[in-house]
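Next up: a single chain in C-alpha cells, the form predicted on its own.
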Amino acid sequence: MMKKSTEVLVIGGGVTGCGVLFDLAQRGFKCILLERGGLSNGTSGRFHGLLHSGARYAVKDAATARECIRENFILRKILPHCIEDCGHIFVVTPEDPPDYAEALYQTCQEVGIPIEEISVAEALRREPLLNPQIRRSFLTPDASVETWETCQTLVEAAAAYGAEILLYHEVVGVTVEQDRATGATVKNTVTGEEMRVACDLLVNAAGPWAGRVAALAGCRVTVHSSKGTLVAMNYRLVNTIIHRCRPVGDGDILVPVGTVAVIGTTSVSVPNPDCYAIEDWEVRKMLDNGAALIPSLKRFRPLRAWAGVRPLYQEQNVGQDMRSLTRGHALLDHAPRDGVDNFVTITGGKWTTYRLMAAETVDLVCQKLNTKRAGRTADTILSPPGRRAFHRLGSRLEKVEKAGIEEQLICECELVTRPQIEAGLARHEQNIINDLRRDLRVGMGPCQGGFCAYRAAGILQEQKNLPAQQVNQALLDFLQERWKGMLPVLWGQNLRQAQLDQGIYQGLLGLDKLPLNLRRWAEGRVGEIETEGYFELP
C-alpha cells in the first residue's frame, strides 16, 4: 500500500476545504487535500451561485448577516474574476407581507448592509420581465459567483506554496493512536487502490458528510442534511438577482447564471446526502413562486432540476423544520469535546463565509500545533494577472470573436473552444468529461450536452489515445449526469429537446447497444456521488 505523510490533512474539496488548504499552505504548513470526487462536487457546486450580502438573513439572524457582508466585501477584493457583480433587487409582490419590507430596510442599516430603495418604475426599467404589480423594490450588494473557478483558483494558489491535492480519493478510515488522530486510510474512487496518509493534525471539512468522517474517528457530530432543489431555465430571464421581500421561503430567489437563470430553493430534511429524489411538488413550487417574480416564467423552458444538500449544524434534535436552523458555522475541537486530539471539524456556514471559516480553522490548527503564524487571506489578491476585474457574461464571446474561425467551437451554448477542451483534459489525470463541465461549463447550456458531449468525447480519445470502451464509458457517464436532471421537467419543448438528444445518442450513435456493464443505471457514475434518478436507457 502506498504511503504519504504531511503536517495537516484536509478532508473535503468544497470551497471551505479549498479555503482551508490555501490558508494552511500560505502560512507555511505542509498539507494535503482529499476529495472523493472532483473539486466543488458536493454542496459548493450545487447551489444557485449567490454571493450573499447578508440581507436575506438580516431580520432573523443578525450575526450571520454581519459575517456575510464583511466577507462579501473581502471576496470582491480578492477574487473579482470569480464574481459577476450583477446586482440584486428585493421586490415586494402583492403576495408578500407589506410590513416585512420596512423590517428589512431597518435591520440592514443596523447590521451595516448597504440598502437603497428605488422606485418600481426604475426596477421595471432595469428588469422589464418583472411583475408589474410589485409594490416596492430595494437594492443590496449581493452578486453571482463562479464556484468551480473559485475552488480551482484556491487549490492552484495552495499548490504554488507546495500543497498537494488528491481528487477522487475517499477517506475510508481514520487512525487514532493514544487518543490522537494520526492519519487516514484513503481509497481511489476510480482505480480502487488504497493508501495511508500520516499527519500531525486532521481537518474535517466534509460538509454534509462531516458526521460520517467524524464517526470514523469515534466522534459524534450531528450535521442536519437540508436538501435544496433548484430549476434552471433555458434563458437568462434577468440580468439582476431578483429576491422576494418576505421571510425566507421556498422558490424566492431568481439568479442569472451564465446563459441561463436559476430559481430556488426548497429546504427539506433528507437522511442521506448521497441519495435523494427531486420531487414533483418541489419543481411545481419553484415554477409557481418564480411566476410571482416573472409572470412569463412558465412560458420559458425549464432545462433541468437538481438539488444540493446544506450542512446545518445543531446538536439537539430539530425535527423536520430546516428553515429554523442557523446558517452560521461551527468549529469543533475534538480534544475537549470527544477526547480525540489533533482532530478538528469545521461545518455549517455559507459559501460566502468560506474564507472566514478557513481562517478560524487554521488559527485553531496553529494553536494546537503550538505555533504562531498570522493569516493573510483577507489581503491576498488571487485573481491572475490581467483579470483583476469582475467576471462579465460577454467576455467569452469577445475572446471567440477575436480568435476568429481558427478555434473550433465545441460547445455553442457556453462558447467553449477546442483549445479550452484540450487544455482542460491536460489538467486532469482522470478521463472524466464531467470535469470539463465543472471547469468550462461544457454541456450546461440549453441543449444540455446534446451537441457538445460527443465532440468532447472525440477530443478525449484523440488527445489521450484511449480505447473505445473507456471513451464510451466517459461519454455515457457524462450523459447520465446531465440527463438525470431532465427527468423532473420532461414536458413541452424540453421533452422535444430530450427526444432529439435521445435520437442523436441512441438512434445515430447507438449508446443503448453498448455492453450492459456500461449502462449501470442503478449505480453512481465514475467519480460522482449521487445514485438517485439516472436516466434509464431502454
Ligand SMILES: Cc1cc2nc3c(=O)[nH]c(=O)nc-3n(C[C@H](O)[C@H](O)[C@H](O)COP(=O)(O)OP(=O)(O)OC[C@H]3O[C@@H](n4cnc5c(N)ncnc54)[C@H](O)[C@@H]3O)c2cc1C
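The first residue of the sequence shown is number 1, and the count goes up from there. Fair warning: this is a prediction, and the values are worked out from it, not measured in the lab.
This protein has a second form, the form predicted together with this ligand, left out of what is shown; the following refers to that one.
Q: Counting non-hydrogen atoms within 4.5 angstroms of this ligand in the model of the complex, say which of Phe47, Trp483, Tyr505, Phe29 makes the cut.
A: That would be Phe47.
Q: Taking 4.5 Å between heavy atoms as the contact cutoff, choose which of Val231, Ala181, Val365, Val309 touches this ligand in the model of the complex.
A: Checked against the cut-off, the match is Val309.
(Q) Under a 4.5 Å heavy atom criterion, is Leu475 part of the interface with this ligand in the model of the complex? (A) Although this ligand is absent here, Leu475 would stay clear of it in the model of the complex, with no heavy atoms inside 4.5 Å.
Q. Quick one: does Leu9 come within 4.5 Å of this ligand in the model of the complex, counting heavy atoms only?
A. The answer is no: Leu9 has no heavy atom within 4.5 Å of this ligand.
Q.
So in the model of the complex, is this ligand close enough to Thr43 to count as touching (4.5 Å, heavy atoms)?
A. Close contact exists here: in the model of the complex, Thr43 approaches this ligand to within 4.5 Å, heavy atoms only.
Q) If you check in the model of the complex, is Leu24 within 4.5 Å of this ligand, heavy atoms only? A) Close contact is absent here: in the model of the complex, Leu24 is far from this ligand, nothing within 4.5 Å, heavy atoms only.
Q. Among 506-514, 48-56, 484-492, 466-474, which stretch sits within 4.5 Å of this ligand in the model of the complex, heavy atoms only?
A. In the other structure, the partner sits against 48-56.
Q | Sequence-ordered list of residues in 141-175 near this ligand in the model of the complex, where near means a heavy atom within 4.5 Å | A | Contacting residues: His169, Glu170, Val171.
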